[in-house]
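What follows is a single chain, given as structure tokens, in the form predicted on its own.
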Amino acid sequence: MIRILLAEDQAMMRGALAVLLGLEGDIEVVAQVGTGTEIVPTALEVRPDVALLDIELPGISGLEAARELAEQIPECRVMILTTFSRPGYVREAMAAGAVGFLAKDGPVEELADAIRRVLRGETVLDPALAAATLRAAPNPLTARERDVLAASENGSSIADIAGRLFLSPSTVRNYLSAAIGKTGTRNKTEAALTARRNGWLA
């Protein structure tokens, strides 16, 4: 039996997926969680073969949980199952160690087949998402611009960012100004949001 951990914050969707996957003769959902923070502790307890994770979860995101799973339970294959089909998320998910990225609205038979394929060592991407990812613009930000933008995401001041990254305030301003220009936004908050959506801060 293929042991599945399912992470989805909408209880109805989570229950329906568990029931539908359970109808497959070789798949068993051994754990269901509704928050990102429950994923790794539960996985350490039940040792699933595959973790099916939503991206947007309370606590930590499915992408952050994927990174932790890759470090702590490398034998567990991670698949992202989401309604968020931005190309940047695909890049970020792959960087986090995910081996599958599928849209939630696909047939359950396709999902079951994808689960079997990732266990055989394949990487499974929704074809439309794969095409969109290849068409999407590459990351225009430098490593330092990404660092500064990521540090600004929680509303930190220029001084806070400078202190955390061991840079001068004027250097932080320069990096932020460059990042704002490259993302075509008006301020650091919008720039960070745009960069995050495009998977440029992975």
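We call the rigid core whatever largest set of C-alpha positions still superposes within 1.5 Å between the two forms. Residue numbers here begin at 1 and follow the sequence given. Predicted model only: the values in this text are computed from it and were never measured.
Another form, the form predicted together with the DNA, is not on view; read the next lines as being about it.
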Residues 158, 177 and 188 all lining the DNA in the predicted bound form, heavy atom within 4.5 Å
yes
Just one stretch in 43-51, 57-65, 25-33, 138-146 has heavy atoms within 4.5 Å of the DNA in the predicted bound form, so which one is it?
138-146
Find out whether any non-hydrogen atom of residue 133 is located within 4.5 angstroms of the DNA in the predicted bound form, and reply yes or no.
no
is_contact(residue 37, the DNA) in the predicted bound form, heavy atom dist at most 4.5 Å:
no
So in the predicted bound form, does residue 154 come within 4.5 Å of the DNA, heavy atom to heavy atom?
no
Can you tell me whether residue 70 touches the DNA? I mean in the predicted bound form, with a 4.5 angstroms heavy atom cut-off.
no
Within 4.5 Å of the DNA in the predicted bound form, which residues of 98-128 have a heavy atom? Give them in sequence order, or say none.
none
Core-aligned, is the CA shift for residue 144 between this form and the one not shown 2 angstroms or more?
yes
Is_shifted residue 10 between this form and the one not shown (CA, 2 Å cut-off, rigid core):
no
Closer or farther: how do the CA atoms of residue 149 and residue 67 lie in the predicted bound form, compared with the form shown, if the change is at least 3 Å?
farther
Between the shown chain and the other structure, the Cα gap of residue 154 to residue 98 differs by 3 Å or more. Is it closer or farther in the predicted bound form?
farther
